[in-house]
Structure formats: structure tokens, C-alpha cells
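The data below hold one chain only, encoded as C-alpha cells and taken in the form predicted alone.
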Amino acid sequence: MAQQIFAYIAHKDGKADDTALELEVAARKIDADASVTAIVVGSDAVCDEVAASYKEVWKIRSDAYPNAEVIRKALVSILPADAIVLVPHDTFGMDLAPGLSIKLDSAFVADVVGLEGIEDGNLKIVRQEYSGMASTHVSCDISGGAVINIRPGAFQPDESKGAGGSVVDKTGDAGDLSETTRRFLEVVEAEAGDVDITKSEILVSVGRGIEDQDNLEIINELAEAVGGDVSCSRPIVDAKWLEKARQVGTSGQTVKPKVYLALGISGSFQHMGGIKGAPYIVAVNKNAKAPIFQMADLGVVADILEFVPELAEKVNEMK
């Protein structure tokens, strides 16, 4: 395949996002022999960090990050016409990618969870519909390039390091980035709660499958048994059963536990987007087709109201 593949690298506080390594793996699902180029805007430290995994890194010096309007303009100036661009499917990526595909006159596919290679010039893609209840297999014509939003956590990152890539300064080719109709103001951090779930090594996370607020007691008992903290998906916060600080997801907290128990959680991309660091995921859901099972290392088809008390009892017996 002659087309170049690019990975847009998200970062925060001078550190590359976990999706940086995931995009490299996703690119090799498109073409196993591809030389993937990373694009970093606004951080020399991140350029050096990702150069350990990418053979080449394109750097754009700009203090506009994360202003999608400015970055989109820069990318249009430096990318080849038939480029395949991979962008994380997070809040910023959803702002950046659709308009970028229009400016590049290329195909666009959002919320991609699987890539199955190229057949007859078309890239075979798997994405999810109806809040993850159905998988859609898409055939995408990439002859004119494509911009693809990759769901965070959908591809297992490769932690191995290469020989070290080169960093190429593309700032001069990006054009004048000073003119913009909007400007970035600030990041508003989620409110702090009685427990900081962002630092928890074990999270026992509960979703709408708990059915009633009174049933949260069995979740608390399991969390105590395994030595973890209780977290939740958005419906639990919307119902005011738990505080906002315990919500995991793109509109809640970003967590990096070693073990994540997802109890009665369907596994929407909004929720899974808040889970970083490739934890060991245990999913319990009575719906065998729940999308959470596609991301789980261990899946149990069961009613959590029956399963969780038994699990807590067995854990306590083992202790």
C-alpha cells in the first residue's frame, strides 16, 4: 500500500495519552508493513516520548493546543492528499476529525473498534451502533485518503520500544496559525470527591444493571472484600445514587486501575473512553451481547444482583 498512515497524538501535561500506542497498533491492522508517522502539536517532550515507538514524528510548534480549529488548519497544510489519519475518538478527536476529512476531501469513519485489513482497495472496518448493541461492518474506499476515529481501548497497545525515530519540524509548512475564530480558555477538572478513583488500583464499577439505589450495598461489600474503590457509569450519577467524582468516562474521571470490575455496565464508548492503561477488565452482565464483553479479559453472563453477593462471599472465604 503506497498511502502514508499518520497517527494524531493527544497529550496532557507533557505526557502522551495512552492512545498514542494504541493508534500505532491500529495502523498495523491496516497495513502490517506500514511506516506510521506520528503528529504532535505543541510539546517537544511528547515528540521525544513517542519517537521511541514511531519511526518518524512530525512536530508542529504551537501554543494553540488543544484548539481543533487551528490544528485542523495545520494538518491540512502538511498532510498528503491521500493520507490515512488515525485520531482518538474522544471529545477533542470528535471535534477535529470530521472537519479534517472535509478539508482533505477524504472518507470519514467514527468510533472504530476493529480494522480487518484492505480488500479490493477498500478498508474493512468494524464500528458500533445503538450504544454498542450492534456491530456494523463497513467497507471504506480509502483511495482518496481517510480520517478515522479510533475508540480508546479498542486496540491493545504494544509497550515494546523501537530503535528510536526521528523528529521532523513541520512548523514552517503548517502556515500561519495565528488567525482563528475561537480560542482555548481552560480545562475544567472534574470535582474532587471523598475518594480519588484516578489513583485506585482496583475499581468495582457499577452501572444501570444495579436497578435500585438500595442494591448498591452489595457493590460496597464486594469493593471492601477485594480492597478496591467503588466507581460507576453515568446513569448512576444521573440518578444521584453516587457522586459525580465516582463517574468513569469521557464526561467523568479518567482512571488507570490494574483491575476493573464492570458490573451491569453495557460498555459504551463514553464510559470506556475513561479507562486507560490497559487494566484487567472483568465484566458481569446478564446481556450476553453487551459490548463490554468485547473489551473484557474475563466475561460472566449473569445477573449482578445474584452474582455479586456470591463473589464477595467467596473472596471473603479465601481471605
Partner chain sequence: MEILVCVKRVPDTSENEIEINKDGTDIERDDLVYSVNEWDNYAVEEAIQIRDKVGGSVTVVTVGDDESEEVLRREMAMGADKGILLSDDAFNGSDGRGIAAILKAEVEKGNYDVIFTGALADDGAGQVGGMLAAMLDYPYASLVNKIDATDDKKINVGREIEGGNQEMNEIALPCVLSIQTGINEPRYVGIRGIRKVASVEIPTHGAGDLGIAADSVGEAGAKVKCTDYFVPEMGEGAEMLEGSTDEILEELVKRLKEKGGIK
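Small disclaimer: the values here were computed from a predicted structure and weren't measured. Residue numbers count along the first chain shown, from 1. Heads up, when I say rigid core I mean the largest set of C-alphas that superpose within 1.5 Å between the two forms.
There is also a form predicted in complex with its partner chain; it is not shown, and the following applies to it.
K.L.:
Going by a heavy atom distance of 4.5 Å, is L311 a contact of its partner chain in the model of the complex?
P.N.:
The answer is yes: L311 has a heavy atom within 4.5 Å of its partner chain.
K.L.:
Would you check, heavy atoms only and a 4.5 Å threshold, whether G252 touches its partner chain in the model of the complex?
P.N.:
Yes.
K.L.:
Please run the contact check for E69 against its partner chain in the model of the complex: heavy atoms, 4.5 angstroms, yes or no?
P.N.:
Contact with its partner chain, yes.
K.L.:
Is M295 a contact residue for its partner chain in the model of the complex, using a 4.5 Å heavy atom cut-off?
P.N.:
Flag for M295 set to yes.
K.L.:
Which listed residue (D173, E217, E201, D82) meets the criterion of a heavy atom within 4.5 Å of its partner chain in the model of the complex?
P.N.:
Here the answer is residue option E201.
K.L.:
Between V138, I118, V195, V76, only one gets a heavy atom within 4.5 angstroms of its partner chain in the model of the complex; which residue is that?
P.N.:
Exactly one residue meets the criterion: V138.
K.L.:
Any residue of 95-130 with a heavy atom within 4.5 Å of its partner chain in the model of the complex counts; write them all down in order.
P.N.:
Result: D95, P98, G99, S101, I102, K103, D105, S106, A107, F108, V109, A110, D111, V126, R127, Q128, E129, Y130.
K.L.:
After a core superposition, would you say R151 shifts its C-alpha by at least 2 Å between this form and the one not shown?
P.N.:
No.
K.L.:
Can we say the CA of D95 moves by at least 2 Å between this form and the one not shown when the core is superposed?
P.N.:
The answer is no; the displacement is under 2 Å.
K.L.:
After superposition on the rigid core, does the Cα atom of V248 shift by at least 2 Å between this form and the one not shown?
P.N.:
Moves: yes, 2 Å or greater.
K.L.:
So the Cα-Cα distance between V255 and Y54 shifts by 3 Å or more in the model of the complex; is it shorter or longer than what we see here?
P.N.:
Residues separate in the model of the complex, at least 3 Å farther apart.
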